[in-house]
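For reference, the chain that follows is the form predicted on its own, supplied as structure tokens.
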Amino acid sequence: MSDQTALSFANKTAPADGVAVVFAEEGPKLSAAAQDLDNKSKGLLSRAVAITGFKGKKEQTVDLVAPQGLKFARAVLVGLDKTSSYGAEDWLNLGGAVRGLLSGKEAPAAHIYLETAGGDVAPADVASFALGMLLRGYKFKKYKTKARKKDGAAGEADDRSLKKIVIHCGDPRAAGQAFAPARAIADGVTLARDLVNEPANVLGPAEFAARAKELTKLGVQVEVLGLKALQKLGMNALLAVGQGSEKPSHVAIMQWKGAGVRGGDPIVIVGKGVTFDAGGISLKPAAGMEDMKGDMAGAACVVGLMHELAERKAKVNAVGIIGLVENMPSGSAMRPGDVVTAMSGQTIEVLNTDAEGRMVLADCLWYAQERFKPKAVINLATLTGAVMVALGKEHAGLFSNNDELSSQLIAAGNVTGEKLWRLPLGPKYDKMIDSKVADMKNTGGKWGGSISAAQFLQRFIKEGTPWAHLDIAGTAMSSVDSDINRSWGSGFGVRLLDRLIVDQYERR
């Protein structure tokens, strides 16, 4: 859930209590606020710096609890290294790291004196810092019950938590204005994380569709297609994946028309939403299967992105489409060897029912192009374990038919820290999914699994449509702890695609 701590901006006037955070660059070179704190404590901070060997390096801290001569409950000096080389990601990560230092146990308020040894921090960088704080403050505690007393009676919740963060900076008004869209981004990432973290018994296809429907409150037009509508459209590939489950499949279409008629055709973002993936008849191993509640992280990103675009009233026409299914084994489940006809009219031989996400996306991608004639189509999916073999959890895999779109996505990833690595497509890889009994098979075999999956998707992209596929299996769930996230679900893709839209598609 989102960080409930109130965050605001103020000038550099120092309050008398709470927790104070000040900064120093390499040297150490203390900021003006740090020097002021040192003077008021009669050199206590300087002595602590000398004793601890603090040099102002990144991640170095000096922590003073109940410092003598000060009314602060705690004072923390944080190293910056050299801020001359900082980019937006550095300020973002710094904000997350500082938020990680603050628990609220010493005092309910924290005052961050955000300045360098050289002076004020630019408002845009202050906003990035604040976004990092919000993202790090996220915790998914929905199913944590209150602590119990030894006698079994319900105990009182611990009220020693952080209630307020004030960022003191050179131009608080400009910082607040710069932070307005960042707060919307934080809300979008939070929503995506919440969806990924939910258990599958709570969030099935119908419940996920209902969560998407809530975006109407922000002005997003949302349609939910049920079984009969999907059958009428001929989305048989998507329906085949979900036919083994008692939970009916759905497709949700979210339209944000922030650029109006002058904005032209939309950019369309498509997400894989397998709310639980048991593998179907090709059953997954038991070990780690619980993680498959997160096999809808692509769809979660799409919903989070649409929420964010609407909240900040982005001047763009964007459509989000999510295919929502549950892949379960049963007497009605699709079988290896089955042949299904996708919405495009192409036939698919099912060799492995655990290669299901690409079948869901196939129909959604075709529907997106048929209905919306998009400027570009981008899909996100926790599609293959093979992409983690290649890239680990540091980069998501990028596949595309368009060099310009690829370059734009990589640039957006470098700015936000949601990094992408482009992997190849080509005729020889495409040949791997040729079938002897149908137009294609749904798996290309052991080698190059993430590439053959992307080749499968490309067969459902019309000529002339710029398209990119992001395989986020390694970055969206069971994510590596970072300065801005300690949650199982990362919300990967929301910040990346927002940056792409701001840079390339939003009306100026």
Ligand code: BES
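Source: prediction; values computed, not measured. The first residue of the shown sequence is 1; numbering continues from there.
The same protein also exists as the form predicted together with the ligand; that form is not shown, yet it is the one meant from here on.
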item	value
One stretch from 171-179, 255-263, 287-295, 203-211 that, in the predicted bound form, holds residues within 4.5 Å of the ligand by heavy atom	287-295
Option touching the ligand, based on a heavy atom within 4.5 Å in the predicted bound form, out of 345, 392, 119, 385	385
Residue among 243, 402, 352, 414 with a heavy atom within 4.5 Å of the ligand in the predicted bound form	352
Contact test in the predicted bound form: residue 31 vs the ligand, heavy atoms, 4.5 Å	no
Exercise: residue 356 in contact with the ligand in the predicted bound form, heavy atom 4.5 Å	yes
The ligand contact at residue 194 in the predicted bound form, heavy atom, 4.5 Å	no
4.5 Å heavy atom contact, residue 443 to the ligand in the predicted bound form	yes
Non-hydrogen atom within 4.5 angstroms of the ligand in the predicted bound form for each of 187, 484 and 495	no
In the predicted bound form: members of 463-489 within 4.5 Å of the ligand, any heavy atom	473, 477
